[in-house]
Structure formats: structure tokens, C-alpha cells
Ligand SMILES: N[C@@H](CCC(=O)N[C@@H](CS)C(=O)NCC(=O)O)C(=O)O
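Just one chain follows, in the form predicted alone, and it is written as C-alpha cells.
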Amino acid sequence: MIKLYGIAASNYFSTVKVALLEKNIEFEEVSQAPSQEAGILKESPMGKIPYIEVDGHFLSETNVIYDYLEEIKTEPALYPKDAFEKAKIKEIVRVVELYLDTPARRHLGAAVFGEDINPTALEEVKPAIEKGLTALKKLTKFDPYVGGSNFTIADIACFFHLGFTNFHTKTIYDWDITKTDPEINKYLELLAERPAIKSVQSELEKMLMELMSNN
């Protein structure tokens, strides 16, 4: 059985958990925060979560894990069969990771852990996210899913990484992306009704509130 390591408050952990649930792959959760401890670095070389264990062997990096899950259980598919369309789905995943999640993450300490807002980040992050949103909109179809008529791994990534980004923009800039972009709002509302996403998002929100209340 696959063991999934991480914590519910992580949007990246949440994407892998939803992928496992959507594909009906049996797995066991192991609570593990990011760590630079030597034992964890043997399992996840950067000390990041999530990572998985399969028969005593470990895989880290979400995109690697997505591909592995698709290889071991092809149906229900979370990628298109066509090579180019599959690459386009991966392109969308990378855009939301690199150009939305990554800049928003610069405010993580302030938004979640009560740290002072970094003035350089305050100036730089919002325009970076605006640019990332523009790039995402150029790639997406919302027909009704981000890549067209079929639900894919890109929808899972978009739901949790857009949610992560929006949490930070609301907290730091009083900017709710879903209120300023009705198309994205409608799309996220559609995804939020999927049972796997609804369940995992509920767990994420609960743990996030617990973290915030302790700071």
C-alpha cells in the first residue's frame, strides 16, 4: 500500500491526496511536517512534503508523484491520452505552481504565523500574481474544466494553488481573486462540489485555522 507523508494544511499534500482519492488508489496517511532532519532527508531529499513510500522506496515532488499514480492506475485518467494535450495540462500545473503559489508563498509567515510583512514582498508579490493570473487565463478553457471537457490533474492543482494564492491575497492585500474574476470563481465553485476535493479542502481549512490560532 502507498503511504502518503505530509500534513493537511499543505496545498501540495492536498493535491496528491485528491489525486489518490479520484483514482481510487488505496493509501495510508502518515503525518509529517516539512523537516531538515537527517532521517527525513533520506526519504525526501529537500525535506519537503508531500512524499510517498512504496514498498520501502520513496518518491518526492508532486509532479513526479502525479505521473507515478497515472502509470500504476490508468483509469480513471487524470491526463489526456494525446501527448500534446497531456503536455498542455502539465503546462497549466507548472504555471499555477511557479507563478501563483510561489510568489504568494513569500507572505506565508505573515499570513499564517503572525510574522511582520516583508516590505519588499509587499511591493513585489501582487504584480507577480497578477502576471501569473494573466498567463493562466491565456492557457485555460473553463469548458467547464481548465483543460476542456475532462477533469484532470490540472484542475486539482488549480483548485488548491489558486485557493492558497487567494488566501494570501485576501489576508495581505484585501484582494479576493474570486470576487474580481467571476470566471475563476464559477470554476472553483464547480470543483468544490467534487466529493474528494470537498473532503480534503475541509481538512486543509481546519488545520490551517488551528495553525493560525496558535500564533
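Numbering starts at 1 and runs along the sequence shown. As the structure is a computational prediction, the values presented were derived from the model and not from experiment.
What comes next is about the form predicted in complex with the ligand, which does not appear here.
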Looking at heavy atoms inside 4.5 Å, which stretch does the ligand contact in the model of the complex, given the options 31-39, 145-153, 186-194, 167-175? 31-39
Residue 67: heavy atom within 4.5 Å of the ligand in the model of the complex? no
Indicate whether the ligand has at least one heavy atom within 4.5 Å of a heavy atom of residue 61 in the model of the complex. yes
Does residue 10 make contact with the ligand in the model of the complex, using a 4.5 Å heavy atom cut-off? yes
Since only the chain is shown here, I'm wondering whether residue 131 would be in contact with the ligand in the model of the complex (any heavy atom pair within 4.5 Å). no
The one residue among 105, 86, 141, 73 placing a heavy atom within 4.5 Å of the ligand in the model of the complex is 105
